[in-house]
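Below you'll find only one chain, the form predicted alone, shown as structure tokens.
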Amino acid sequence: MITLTNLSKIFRTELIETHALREVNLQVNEGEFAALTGPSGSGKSTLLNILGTLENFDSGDYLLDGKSVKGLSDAALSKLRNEKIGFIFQSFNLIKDFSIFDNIELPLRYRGLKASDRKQRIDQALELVGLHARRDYLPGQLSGGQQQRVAIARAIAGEPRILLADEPTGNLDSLMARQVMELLEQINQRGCTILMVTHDPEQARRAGRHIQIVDGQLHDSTLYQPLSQPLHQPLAAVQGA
């Protein structure tokens, strides 16, 4: 599903070059749950941003579903993100003056979905994360763990094939963090591919694959075990999870 070949990323200023990623080679199969770990500044978030087509790379290639993203226009990259990739961030990134429903609906509007289709997807996503009864609340009326579940609902309402999570439990206490991890595991068990940046060793162990990044280079330390059920079911099939 994802193939990186000799991919490198360099940040340049007038005085210095910083090699964020050095000839990275990586293959991620559909349905994997991979944890990306490494010290601060090792290139984890840069790699995640490149996988999400939020950042360009300097050399090498990135194939998504067998097609290179190199040289795609901004419009084409935006369409690719909208159709195939979901994002979960540590800071939630919810609009404080929008209701929970409206926060989830906003990216679906950009896809041109009918109002009835948007409502169905939002209802299903909120049922999955256990927050349907709070659909009219504002983000400030929810706990941190609930806000992160809203962010997950927003991501999965688009029915992405890939979910990219950057420290999704970084702002949560241990109980809320476990609940969010259990939710991500449920989503993965239904076939969604997940790549998660984390500093937490326990969370890394719960993923099916552990990829360590040190000085911009990858060290794959745990082999992936395939899922025992069919891959990528639509969100409607996830509703009962």
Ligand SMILES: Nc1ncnc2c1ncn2[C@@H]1O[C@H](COP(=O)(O)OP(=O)(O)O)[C@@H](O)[C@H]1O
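Predicted model, so just to flag it, every value in this text is computed and none were measured. Note that residue numbering follows the sequence shown and begins at 1.
There is another form of the same protein, the form predicted in complex with the named molecule; it is not shown, and what comes next is about it.
*Asks:* Counting only non-hydrogen atoms and a 4.5 angstroms cut-off, does Ala20 reach the named molecule in the predicted bound form?
*Replies:* Answer yes; at least one heavy atom of Ala20 falls within 4.5 Å of the named molecule in the predicted bound form.
*Asks:* In the predicted bound form, does Gly31 come within 4.5 Å of the named molecule, counting heavy atoms only?
*Replies:* Contact check for Gly31: no, nothing within 4.5 Å of the named molecule in the predicted bound form.
*Asks:* Is Pro39 close enough to the named molecule in the predicted bound form to count, meaning some heavy atom within 4.5 Å?
*Replies:* Contact with the named molecule, yes.
*Asks:* I'd like to check something about Lys44: if you look in the predicted bound form, is any of its heavy atoms closer than or equal to 4.5 Å to a heavy atom of the named molecule?
*Replies:* Although the named molecule is absent here, Lys44 would touch it in the predicted bound form, with heavy atoms inside 4.5 Å.
*Asks:* If contact means a heavy atom within 4.5 Å, which one of 44-52, 66-74, 202-210, 184-192 is the stretch that engages the named molecule in the predicted bound form?
*Replies:* Correct option: 44-52.
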